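So this first bit is one chain, no partners, the form predicted on its own, shown in structure tokens.
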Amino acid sequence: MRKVSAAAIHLFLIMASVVSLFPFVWMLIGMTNSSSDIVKGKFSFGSELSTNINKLLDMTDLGGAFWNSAVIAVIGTVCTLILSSMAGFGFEIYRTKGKDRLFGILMLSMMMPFAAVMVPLFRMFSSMGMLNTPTAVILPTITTAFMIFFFMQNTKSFPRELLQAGRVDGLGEWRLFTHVYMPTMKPTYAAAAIITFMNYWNSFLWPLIALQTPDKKTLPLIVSSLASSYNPDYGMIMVAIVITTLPTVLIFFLLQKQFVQGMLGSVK
């Protein structure tokens, strides 16, 4: 009975893996075929890869869009990690009278849809002359309630003895954070970095509103403009999607071990 149960579980996991990987395989195959072959449902590698790449480079500023996405994702991720970890560290380590009430208000903010604040954000950044800049994309999500909560939960398992030993050695609170807390919480930072980088890299709605000229567009906006054309070239679109997906896949595999450790730590 136990063997049958294990076999059923493995069969289910194999089927789930096939379903999950199929879109990526289809994407890789599609980038080598012409648009007409993709529409016909051809499921084998073709010889149109170089043609699709050349058409994509001719029709879009792919290098500029990649650079814009990279600047927003890297700077946004670094800022989010620093600010969110500081907030999570402060909420968990220090005891103040209004801390729980403030944290409750912070959690309530997670219930507010982003669409509800888009118009106020647009008016605010427009009045400050910051539209059409990476800053306008980064600032609204430079720290989030979820990421603060994530660091706070991980900090619950942080050994307080390290802080006490650091204070005995004469370290100030800032150096305790940078020299004791941050090195110890590397897996948490890695997990948070993957989540945050993917959010910035794949963000679409707010960049669509905030970035108003072609030279400031990010890769998701480029892919969307290609897909929404009157006669879309699916082979070229598949190439653009693969290029857009590669950085997030690379980041995940580079930090996979730390990501698992960080996510397990957040559950404790």
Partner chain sequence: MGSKWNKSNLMGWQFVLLPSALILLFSFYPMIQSLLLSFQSGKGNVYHYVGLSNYARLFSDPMFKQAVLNTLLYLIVQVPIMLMLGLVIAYFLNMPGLKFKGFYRTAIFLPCVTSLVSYAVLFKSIFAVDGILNRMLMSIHIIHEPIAWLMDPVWAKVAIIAAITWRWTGYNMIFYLAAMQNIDPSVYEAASIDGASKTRQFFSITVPMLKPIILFTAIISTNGTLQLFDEVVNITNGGPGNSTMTISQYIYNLSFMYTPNFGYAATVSYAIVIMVAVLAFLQLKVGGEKK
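Predicted model only: the values in this text are computed from it and were never measured. Residue numbers count along the first chain shown, from 1.
Another form exists, predicted in complex with its partner chain; not displayed. Remarks below refer to it.
Put simply, Leu162 is far from its partner chain in the model of the complex: not one heavy atom of it is within 4.5 Å. At the 4.5 Å threshold, heavy atoms of His179 stay clear of its partner chain in the model of the complex, well away from it. For the chain shown alone, Gly41 is a contact residue for its partner chain in the model of the complex, at least one non-hydrogen atom being within 4.5 angstroms.
Interface residue remark: Pro120 is counted as part of the site for its partner chain in the model of the complex, having a heavy atom within 4.5 Å. Annotation for 235-252: interface residues with its partner chain in the model of the complex are Ile237, Met238, Ile241, Thr244, Thr245, Thr248, Val249, Phe252 [heavy atom within 4.5 Å].
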